[in-house]
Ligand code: CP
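The chain below stands alone and is given in structure tokens; this is the form predicted on its own.
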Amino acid sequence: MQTFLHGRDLISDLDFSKEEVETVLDMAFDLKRKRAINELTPYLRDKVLAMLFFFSSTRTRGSFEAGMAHLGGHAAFIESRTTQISHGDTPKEIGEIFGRYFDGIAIRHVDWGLGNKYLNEVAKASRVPVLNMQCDVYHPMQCLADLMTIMEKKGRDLRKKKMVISWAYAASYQKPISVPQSLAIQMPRFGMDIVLAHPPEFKLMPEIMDQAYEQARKFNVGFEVTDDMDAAFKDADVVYPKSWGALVHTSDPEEGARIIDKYKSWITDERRMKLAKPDAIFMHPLPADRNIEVTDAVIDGPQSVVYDEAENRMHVQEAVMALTMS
């Protein structure tokens, strides 16, 4: 157990070592147990977290606000459009000033080519931890919740378990690629054999793929890429189909929409779930485009763990905040 995480930022999934991630998970499981028996956990009494949002949220805002309250502190919701950021406040000024007002700064900024850069510039100027609530490159909090959920369902030893990270069709917009990217670099560290499935235009960032292959080599696990969704699902223990944009291929929304529209068959339905193992679990970070990305029968079915996954966002975030802000 690595116990000294005070003052640390969590922006990239690899900011914490595997042992430090295990410490976060140990604490998250303990916090979940204590909440179940109504044991108070005021580890951050009188501490205040700034939550700066450039992108709307349901689970992220709710889980961070509830988590800070459970820890005895307060979360201040700050919508970027209600600030002077558009009128001149720079990332350095946000880091310097919020770093003096607050005990931690959490930011959600998913604009392609801007979000991760912004978080790192704030962190460089801040005297308090900066936590990534999702950027254009990474979504570490979601990935930690996913890892916790898989361990609850499949046990702490995940070696030789097959996880499919698959693109899925969704017509709403070019969604961020941060969720599959975080999964691709984090999950190999815990022994899972990864199959990444996507149409040719939906590649992840080359530097992320390099990191994913590096982690797979380091931890001696499989990492495959395919453009065949059915083949990917075969004998899987965990399936994680989610839409993301063709952002590496093109940042043009109209062209991206035309490309997405070519692959309406990439839906997770009962037929595809039967290709996986009988006890396979279906995961999704939500919200899902129902009956477009995944059928109701799957997302509401017995193999779906999406609500446990959403709950675990709160527990892992509480653990990260308690360890970094105490």
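As the structure is a prediction and not an experimental result, all values here were calculated from the model. All residue numbers are counted from 1 along the displayed sequence.
Below: the form predicted together with this ligand, not depicted.
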Within 4.5 Å of this ligand in the predicted bound form, counting heavy atoms only, one of 161-169, 135-143, 118-126, 192-200 shows up; tell me which.
135-143
Within 4.5 Å of this ligand in the predicted bound form: all of S57, R108 and R313, by heavy atom?
yes
With the cut-off set at 4.5 Å between non-hydrogen atoms, does L286 touch this ligand in the predicted bound form?
yes
